[in-house]
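In the form predicted on its own, a lone chain appears below as structure tokens.
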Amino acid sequence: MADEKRAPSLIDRIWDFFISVKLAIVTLIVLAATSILGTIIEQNQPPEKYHQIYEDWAFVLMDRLNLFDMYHSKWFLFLLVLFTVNLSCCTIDRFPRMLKVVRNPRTKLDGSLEKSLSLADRWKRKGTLSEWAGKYAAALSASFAKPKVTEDGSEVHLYAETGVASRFGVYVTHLSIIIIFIGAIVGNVFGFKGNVNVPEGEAVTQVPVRGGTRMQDLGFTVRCNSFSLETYPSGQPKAYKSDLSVIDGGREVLRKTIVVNDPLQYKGIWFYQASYGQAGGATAQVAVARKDGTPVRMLALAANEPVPIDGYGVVRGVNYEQNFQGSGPALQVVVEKPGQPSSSFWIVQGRPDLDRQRADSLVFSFRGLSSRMFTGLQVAKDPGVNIVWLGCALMVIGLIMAFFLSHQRVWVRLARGTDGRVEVVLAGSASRNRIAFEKRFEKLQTGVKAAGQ
């Protein structure tokens, strides 16, 4: 038979799949569940840390599922793309019908429409249709919106509406979600996040990412000029900051001291102050001078590491005591001179002239211990972040349109009654916030009825 339903084509079935609300719900649930999983499982940590937490079989399984870097995994990217396509298809499928309703509203108040409207009022007036149509049109224009006038045989219809934009709120919200997901996909594919420790005075050009499994080239150099730590009297850290320089093309192009929540940004890459620590062991600072007080040099003695002094011998710091014989911090020094037996003696930090008692050509004074620090930086690049911000702004606009605006419509029908008078029907409806519209409709009733009296 010619009227038999035609079997849907492959394209139709694919289209029906992507406009399915069930698909959207399932995808959203999976995205929410995996996002919770990604919050519970700490992302992008070194493998050694995961081995401390999970059994070997669990580590292998989770690693194969990319659960340690799930936001950059292909399956998570697939979910983002699937939901974006699904939402886009749903919007494309439904938007033309909504647009048709908005562009071609029912401007005539016929019987079926009148029965569907709960807000309606009726009265009669003496006069002509055109006379009252003009008066009621003026009343609607003054208190609601300028009406569209339609003459249909022996009837005249007035139609006015406000808040049409609210019909587009859901589509603006859909668009915002699509844009946010596109931003997330861009950030997922082209962005990175990693952590790097930079000792004072040193520089890096690469950052380990994905739990240290891959090195990301920055395209420039970041140098830690210095690091400083401020503590409370209890010893707890109060504030810490890093003096960073960006070197690009062989010259310093940017320098900034960063603290927590005040990062450095260059070429779309952000450097956040994340941690700190001691780089290597401490060194003893020892000032060397001649017996007449002339400074010779400053020594940085690592534990038991020999440091030569030209024309004198080799000096080593072999022991340290925080409170040497009640005199405070002190360093034990060993001096080895060519052809002579080595000598060992203590120099006290609080007594710089103590070593003068030793009959030697050079005098050593202990200036205290010094340790080089490293700054821990979190390095991130997310080229999709501005797209996400755009989507967020659109979402706010869409939600305001969808939830705080209302499409309100009012009809007036005028017809000649059997008694020769003009029969008037006033009716209205609102897409949401019905209680507020009822109050407005009551005022409209009063104003329209009073028109021309």
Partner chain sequence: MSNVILFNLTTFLFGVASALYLGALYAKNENIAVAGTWVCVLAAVVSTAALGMRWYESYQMGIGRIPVTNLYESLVFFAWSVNLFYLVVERKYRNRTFGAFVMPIAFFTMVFAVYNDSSIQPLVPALQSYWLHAHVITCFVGYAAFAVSAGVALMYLLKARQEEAKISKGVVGLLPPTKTLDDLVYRAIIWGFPFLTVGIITGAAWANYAWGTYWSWDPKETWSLIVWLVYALFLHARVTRGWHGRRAAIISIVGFLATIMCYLGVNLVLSGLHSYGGS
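Because the structure is predicted, anything quoted here is derived from the model rather than measured. Positions refer to the first chain, counted from 1. For clarity, a rigid core is taken as the largest C-alpha set superposing within 1.5 Å between two forms.
Beyond what is shown, the protein has a form predicted in complex with its partner chain; the following relates to that form.
Residue heavy atoms within 4.5 Å of its partner chain in the model of the complex occur in exactly one stretch of 70 to 78, 148 to 156, 218 to 226, 365 to 373, and that stretch is 70 to 78.
Note on contacts: among 123, 320, 270, 345, the single residue with a heavy atom within 4.5 Å of its partner chain in the model of the complex is 270. For the options 65, 53, 32, 58, the residue carrying a heavy atom within 4.5 angstroms of its partner chain in the model of the complex is 32. The candidate spot formed by 205, 300 and 324 is out of contact with its partner chain in the model of the complex: none of the three has a heavy atom within 4.5 Å.
For the chain shown alone, residue 240 is a contact residue for its partner chain in the model of the complex, at least one non-hydrogen atom being within 4.5 angstroms. Residue 378 belongs to the set of residues with a heavy atom inside 4.5 Å of its partner chain in the model of the complex. At a distance threshold of 4.5 angstroms between non-hydrogen atoms, residue 48 is out of contact with its partner chain in the model of the complex. At least one heavy atom of residue 42 is located within 4.5 Å of its partner chain in the model of the complex. Residues of 371 to 401 lying near its partner chain in the model of the complex, listed in sequence order, are 378, 380, 382, 385, 388, 389, 392, 395, 396, 399, the criterion being any heavy atom within 4.5 Å. With the core superposed, residue 113 shows a C-alpha displacement below 2 Å between this form and the one not shown. Relative to the superposed rigid core, residue 22 undergoes a CA displacement of at least 2 Å between this form and the one not shown.
Superposition of the core reveals a Cα shift of less than 2 Å for residue 255 between this form and the one not shown.
Between residue 68 and residue 204, the Cα distance is greater in the model of the complex than in this structure, by no less than 3 angstroms.
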